[in-house]
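Given as structure tokens, the chain that follows is alone and in the form predicted alone.
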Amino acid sequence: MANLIQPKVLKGFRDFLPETEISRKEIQQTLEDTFKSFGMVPIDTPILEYTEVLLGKGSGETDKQIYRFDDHGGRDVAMRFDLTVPFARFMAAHINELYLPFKRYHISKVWRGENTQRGRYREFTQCDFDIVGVDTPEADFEILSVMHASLTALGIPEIHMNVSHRGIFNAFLEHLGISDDLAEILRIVDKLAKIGEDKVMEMLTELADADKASKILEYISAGGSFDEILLKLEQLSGGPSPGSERLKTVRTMMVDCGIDDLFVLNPSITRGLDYYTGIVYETFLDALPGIGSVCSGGRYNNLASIYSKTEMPGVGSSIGLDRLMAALEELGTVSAKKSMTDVLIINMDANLKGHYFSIASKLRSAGLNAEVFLDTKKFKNQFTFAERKAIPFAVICGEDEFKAGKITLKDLNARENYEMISVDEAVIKIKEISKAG
């Protein structure tokens, strides 16, 4: 006998058992429904891209994490590390087939060879939503609205969405005379929550003198109300700028829609990736701030410029499904489900096999998920199967029920029987019990 291969999984990669995957799929469906309610349409892109496509607009840190190799044809290829860069390539390739503004969503897996930790893996699912082809406050606000609607639809308690603007920060650095080091400063500032002010100050001092480093810390640490912070940022940046005026307009729309309390102006939010050019967002759960942002993004007006001469300003955000799931599980707001089946038809009579499948078909036509046990085993075995799969109802149809054109419905949770009823009556009873539960 050949040696058995150990069924192991790579570090940072996972299998998903039904109870987890069912919950994931339900969350994805809720998000899809929300995205579609805003007029967004789905797309998909390949897992593998030419490496030059993906490395064009990532960052130094991301470039190191990319899964890259030569394929069988000797081509330099890589696995996508996010869904935004492939989307920019997608837009450049299909611009003549699409309409603008183009509003898309994309839910799929991405891969990064980074250190694993709570809620962070090497293979994970992102839920992206973007608007491309228009650079307006309305588009910026609509992405914020989709973020709010999505997290509300998922029933996530106590959230605050942090908003900032790269344009204001850029104006601030120009005012200090150190805009040449923008990319590196952005990456240092983006680590504030992880490494603390002292370490950030130390790293900034290596790029600029202590006085300018102190001013950067003053900028990213500004406190107060949204309007007070925005005024402070304008003062530090040398006065109003297009970025600050854009934020004021977005703020007005927040107030008009009655959702302004959920948004915090946080100047330390810069997003480390190089391609962001305007408003940026990060969302944290108040109850679990240590798990990191569960929804982040921003405006990226120049991303597609490396693939096309056509200007395609864009803004979007991404929900990290795996991190969000880890948070919801820790908060106890998502319950594991072992089954999506509503009814199990007990297979008790070899002469009635076709009839059992007919019953299942009628139940499905009525909007219920039904399955027939696929062997004529003892009742105990079949009910044990139903219990392990958490199926709430069972249908029994023996010779007496068959002759009478009836069935017996068993409520497996309440351990109650409803004998000699029609399939239609069973459907009504199941929906009634399920609604009450």
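Note that residue numbering begins at 1 and tracks the sequence as displayed. Rigid core: the largest C-alpha set superposing within 1.5 Å between the two forms. Predicted model only: the values in this text are computed from it and were never measured.
Missing here is the form predicted in complex with the RNA; even so, the following discussion is about that form.
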Please pick, from L48, V53, I66, I396, the one residue with any non-hydrogen atom lying within 4.5 angstroms of the RNA in the predicted bound form. I396
May I ask you to choose, among F87, Y219, F124, F263, the residue with a heavy atom within 4.5 Å of the RNA in the predicted bound form? F124
Spot the stretch among 100 to 108, 289 to 297, 169 to 177, 229 to 237 with residues whose non-hydrogen atoms come within 4.5 Å of the RNA in the predicted bound form. 289 to 297
When the contact criterion is heavy atoms within 4.5 Å, does R364 count as touching the RNA in the predicted bound form? no
S37 versus the RNA, in the predicted bound form: is there a non-hydrogen atom within 4.5 Å? no
Close approach of S241 to the RNA in the predicted bound form, 4.5 Å, heavy atom: no
Proximity of P18 to the RNA in the predicted bound form, heavy atoms at 4.5 Å: no
Residue by residue through 343 to 358, which ones have a non-hydrogen atom no more than 4.5 angstroms from the RNA in the predicted bound form? M348
Core-superposed comparison between the shown form and the other one, L144 Cα displacement 2 Å or beyond: no
Take the rigid core as the frame of reference and indicate whether the C-alpha of A93 shifts by 2 Å or more between the shown form and the other one. no
Tell me, please, whether between the shown form and the other one the C-alpha of L265 is shifted by 2 Å or more, with the rigid core used for superposition. no
